[in-house]
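In the block that follows, a single chain appears as structure tokens, in the form predicted alone.
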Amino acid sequence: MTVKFDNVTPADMATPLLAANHSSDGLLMQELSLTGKISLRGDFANSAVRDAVQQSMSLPVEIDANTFDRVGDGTVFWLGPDERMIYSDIGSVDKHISDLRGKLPGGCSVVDVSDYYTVIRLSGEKVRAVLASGTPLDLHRSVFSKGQCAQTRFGTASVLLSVHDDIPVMDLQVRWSFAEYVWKYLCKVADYC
């Protein structure tokens, strides 16, 4: 298992794995830099909720189940009928949350979870095989392809998987407290696949 910490920047030090990377034959893994993450809950069929998010972040919230949509610097992930995860620039999170809280109707929840989750990007031909070793989710490209996301488990950790490219390139979002466990699991499996 090779973990490299070359060229670690202060922003990377704000992540649990310090921007670690690992490569093996057919797989490249790297922890992404700190990204702003906002947990949003509400009635997305309500036009006031949709309008608030559109005005504050220029993002759609009415998206198909288990998909995500990237617009500019933001990405919105469908996590459930009344739940979305929004990625944005880390420097804009406070502004977005303040704007949303001022515009959203009652019964909505908006929470900064930027330092609650980290994201591990996996790319290469072995991605599906490595991830399949730890999740019950069907990862076959005919079932789980570009633009889709799903909450599942990897080993004993709850994760959000998203497919960003058919190469494939997948992101695995995991709680900081499980990041090292998931990283070691991925590295071990990658070396044996």
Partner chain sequence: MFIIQCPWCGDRDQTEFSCHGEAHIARPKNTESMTDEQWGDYVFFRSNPKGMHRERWVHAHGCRRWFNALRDTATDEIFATYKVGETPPEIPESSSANTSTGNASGDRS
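Numbering follows the first chain given and starts at 1. Nothing here was measured: the structure is a model prediction, and the numbers come from that model.
There is also a form predicted together with the partner chain; it is not shown, and the following applies to it.
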With the partner left out here, check for me: in the predicted bound form, does some heavy atom of R41 sit within 4.5 Å of the partner chain?
yes
Taking the shortest heavy atom distance, is R153 within 4.5 Å of the partner chain in the predicted bound form?
yes
Given that the partner is absent here, does I97 sit within 4.5 Å of the partner chain in the predicted bound form, heavy atoms only?
no
4.5 angstroms heavy atom contact with the partner chain in the predicted bound form for Q30
no
Picking from G102, G91, P81, G72, the single residue whose non-hydrogen atoms come within 4.5 angstroms of the partner chain in the predicted bound form is P81
Between L137, L34, A129, I63, only one gets a heavy atom within 4.5 angstroms of the partner chain in the predicted bound form; which residue is that?
L137
Only one of 22 to 30, 120 to 128, 52 to 60, 145 to 153 has heavy atoms within 4.5 Å of the partner chain in the predicted bound form; I'd like to know which.
145 to 153
